[in-house]
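One chain is shown next in structure tokens, namely the form predicted on its own.
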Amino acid sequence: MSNLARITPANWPHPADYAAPPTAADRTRWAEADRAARPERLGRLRKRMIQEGVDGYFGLRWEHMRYLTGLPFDESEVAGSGDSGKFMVGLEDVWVLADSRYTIAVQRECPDATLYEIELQLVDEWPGLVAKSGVSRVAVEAMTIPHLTWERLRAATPGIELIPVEGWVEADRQHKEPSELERVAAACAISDRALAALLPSIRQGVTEKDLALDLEWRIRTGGADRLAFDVACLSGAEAALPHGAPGLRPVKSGEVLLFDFGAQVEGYRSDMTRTLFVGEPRERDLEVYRMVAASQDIVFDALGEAVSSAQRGIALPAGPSFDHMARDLITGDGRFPAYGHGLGHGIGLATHELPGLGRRSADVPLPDRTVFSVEPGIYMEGEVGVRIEDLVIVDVEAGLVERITNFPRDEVVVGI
């Protein structure tokens, strides 16, 4: 089992233990790095386009908008933006669609792209867009476009061939540039500081919702642009819901308290889960926690060995292999059920992206210079739930396996 320390109020982590929030200079440097990287990103996409025999790529996903054009949309903006932000990549140029609400933003944020002003629905604008861009065979992000829209676009331009594609840009985005990794790490540090600052507020009787709101406030005022996703705070048996929502349940002594949360910095996200102990831990809960920590440790050890082997020319293992080793450790022990979700996921502009470390993930080698979560758990309905989630950078060239969520994984006791 993992060699875990007991952390009580006398030796709690302090917000000052973690990196300071990003400065204005950091943010400027990251923006400049993105703009410098976009020609190479587009170049890799165009290489794929040529290989696949298409001369246009029509993008709809907000992560791809930001990655390839610079338009800083996310899921909250896309919900009300209509067709603005969608983009066409040709073999030479890029066009970004925008209605009157977004024309200034596109001109400001996408200086290397051409604004394509729209007033009508996409199907009505489509003939003009394909004529302007000069494309004839267009790859379309098929996982995002509604079927009805696809059929209407095809009918509007019968001479233009639409090719359904998926995974082209997603596969590229899993290989992270240094400035992307810096932003994920900065978001992690904000989360670390926020949880450390919250610890004194955790006491018996306070509700899950109150703690979730308190943690959100500390994230937002601690350097984050926004949350990566809504804060989960679950106490006692409710912690057995892997994606439960905080309620009006009061925190009680002798129970666990699970937080799942993340920050967002210049578009890039963090994701961390910590399970704390309120008052004196129950022995059964400690055993569950130690088993989860051990299943995480076996993955960290295997990743270190894999990177050493990769430096000698051996491909990194596939994501599912790490899921199997963590799951097998739990099931082999025989006392507790293993988690039903995947072991981990990539993270960056989206909270969940490639690479995947689950049983259903692609059986292909992990990419180099990437970042992903390792988050095993044990969930016992009506009794207790424990998950520990950390983000890990893997960089073969640097010989690096680095955990960038630094809040302790030890047995943290609160509410006493």
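A residue's number is simply how far along the shown sequence it sits, counting from 1. Keep in mind that this is a model prediction, so the values were computed, not measured.
This next part talks about the form predicted together with a further copy of the same chain, which is not shown.
Although the partner is absent here, Ala155 lies well away from a further copy of the same chain in the predicted bound form, with no heavy atom inside 4.5 Å. Contact annotation: Pro317 falls outside 4.5 Å of a further copy of the same chain in the predicted bound form, judged by heavy atom distances. Shown alone here, Glu119 lies within 4.5 Å of a further copy of the same chain in the predicted bound form, counting heavy atoms only.
Contact between Phe336 and a further copy of the same chain in the predicted bound form is not found at the 4.5 Å heavy atom cutoff.
Heavy atoms within 4.5 Å of a further copy of the same chain in the predicted bound form are found in one stretch of 254-262, 276-284, 94-102, 193-201, which is 94-102. For the options Gly304, Pro250, Pro164, Gly128, the residue carrying a heavy atom within 4.5 angstroms of a further copy of the same chain in the predicted bound form is Pro164. Residue-level contacts in the predicted bound form: of Met325, Leu241, Leu115, Ala171, one residue has a heavy atom within 4.5 Å of a further copy of the same chain, and it is Leu241.
For the stretch 143-178, the set of residues having any non-hydrogen atom within 4.5 angstroms of a further copy of the same chain in the predicted bound form comprises Met143, Thr144, Ile145, Pro146, His147, Leu148, Thr149, Trp150, Glu151, Arg152, Pro164, Glu166, in sequence order.
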